[in-house]
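Let's start with one chain on its own, the form predicted on its own, as C-alpha cells.
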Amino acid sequence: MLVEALQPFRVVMHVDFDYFFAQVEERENPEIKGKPVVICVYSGRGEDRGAVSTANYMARKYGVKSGMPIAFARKRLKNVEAEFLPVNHRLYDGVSEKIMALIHSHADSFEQAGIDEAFLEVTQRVEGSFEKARCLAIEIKRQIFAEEKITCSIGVGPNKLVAKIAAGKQKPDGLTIVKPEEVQPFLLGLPVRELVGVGRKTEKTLRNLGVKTVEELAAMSLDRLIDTFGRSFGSYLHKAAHGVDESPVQQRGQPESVSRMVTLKEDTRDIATMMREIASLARAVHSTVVAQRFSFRSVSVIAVMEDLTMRLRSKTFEKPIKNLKIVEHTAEELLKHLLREELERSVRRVGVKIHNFIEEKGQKELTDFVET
C-alpha cells in the first residue's frame, strides 16, 4: 500500500451543507418541516414538467432523487402530504454567502467547491492536531446553526479526497474524523463508487474487471489502470484507492469576492470597538487580494445584528484601488451609515468584503502613490 505517501501533517476539512435548498426552505417555512420537501426546476409547461433539484431526507426515503422528473417524484409521494417548491436561487445564494464568509474566517486557505460545500485547510490553525480539528469543526457547526439555523456535515482528513468522503458518512449534521493512520481501514471497505470522480461509467468498467470495492481497486496494478483508463485518470484512481491526494486547498479561478467576519465579544453599537476588529479583518482581506495581484473597485461592510439578521452596505469606486487605508476608511464610513439606519439594534458580528476585482497587468494606479 502507499500509505507512506500521505502527508499526515495536513489537516483538511470538507464542509457540506445538508440538503441545502430544502433545508433553507424549512427554515423559512417551519410548518413544512417534518414533511417530504422537494425543490423543483419547473419547465414552465405545467406543474409536473421539469426536474427535481434536491429533496430533504424524508422525501429521499420515498425514492425521490436529484434529477428525477417531477412527475415521477409526485408518483412516489402520491399518498403523502408533501411540499413541492420552486427553486429560489436568490435566497439560497444569500444564505450560502453568509455561511461561506463565516467558515472562511476559520481557514488557513479556503476553496468553495459549490453553493453548499467548501474545503478548508486548517493545518496551521490547529497545529497539525486532529483533536484540535475536532473542536474547531464542532465550533464551526455551532456557529453556522446559531447564526443561520442550517446544519452541515463535516469531514476531516489528511487531504481533500479523504475529507470529502468522510463528510458524507454521517449525514445529516454529522462529523467524521479520519486520521492518517485510519485512512486504509476507512477506505478499503467502501464501494468503489464512493471515490470522488468515479461515476456510473467508470463503475461499470471496473465491475467488468471484477472490481467492486476500493480494496479491490487498490490491489490493481498501476499499469493495468493506465491501460484501461489512460495515464491521467488511471494514475488518479491508483492514488485515490490508496488515500493519496496532494491537491492544494485553493480558490479556483478569479474569486468573486474575499471576505472575513468575526463574532464580537458582546453585542455592541460602539464604533471604536467594532473598528478594531474591522481594521484587522481589512488587513487580512487586503493582503489576500494583493497577493493574488488583483485591484478592486468595491468595498462592503457586513453586520449581523443581535436578532441574527444580516445588513450589508457597499461602496463602488470609479477607478480600481488597492490601498489599505482607503479600505479601512471606507469600511468605517459604511459602518457609521449602517448604524444610523439601525437606530436600536446592536451588532453581533462584523465583516469586511472586497469585490469587483480587476487583474493587474503591470499598470500603475492613482492610489499606488497615496501615502499611508
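The term rigid core refers to the most C-alpha atoms you can superpose between the two forms while keeping them within 1.5 Å. Bear in mind the structure is a predicted one, so any value in this text is a computation, not a measurement. Start at 1 with the first residue shown and count on from there.
Only in words, not in the display: the form predicted together with the DNA, which the text now covers.
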Query raised in the report: Which of these stretches, 141-149, 262-270, 126-134, 240-248, has heavy atoms within 4.5 Å of the DNA in the predicted bound form?
Result: 262-270
Requested in this report: Would you please decide whether residue 108 lies within 4.5 angstroms of the DNA in the predicted bound form, comparing each non-hydrogen atom pair?
Outcome: no
Query - 4.5 Å heavy atom contact, residue 316 and the DNA in the predicted bound form - result: yes
Query - the DNA contact in the predicted bound form: residue 311, any heavy atom under 4.5 Å - result: yes
Query raised in the report: For residue 10, is any heavy atom within 4.5 Å of the DNA in the predicted bound form, or not?
Result: no
**Report entry** Option touching the DNA, based on a heavy atom within 4.5 Å in the predicted bound form, out of 213, 176, 257, 184
**Finding:** 257
Query raised in the report: Using a 4.5 Å cut on heavy atoms, which of 336, 325, 49, 33 is close to the DNA in the predicted bound form?
Result: 49
Requested in this report: Would you mind checking 151-169 for residues with a heavy atom within 4.5 Å of the DNA in the predicted bound form?
Outcome: 164
Query raised in the report: Does the C-alpha of residue 31 move 2 Å or more between this form and the one not shown once the rigid core is lined up?
Result: no
Query raised in the report: Once everything's superposed on the core, is residue 314 shifted 2 Å or more at the Cα between this form and the one not shown?
Result: yes
Query raised in the report: When the two forms are laid on each other by their rigid core, does residue 305 show a Cα shift of 2 Å or more between this form and the one not shown?
Result: yes
Report task. Indicate closer or farther: the Cα atoms of residue 262 and residue 88, in the predicted bound form, relative to the displayed form, with a change of 3 Å or more. Result -> closer
Report task. Taking the shown form as the reference, report whether the CA atoms of residue 89 and residue 261 lie closer or farther apart in the predicted bound form; the distance changes by 3 angstroms or more. Result -> closer
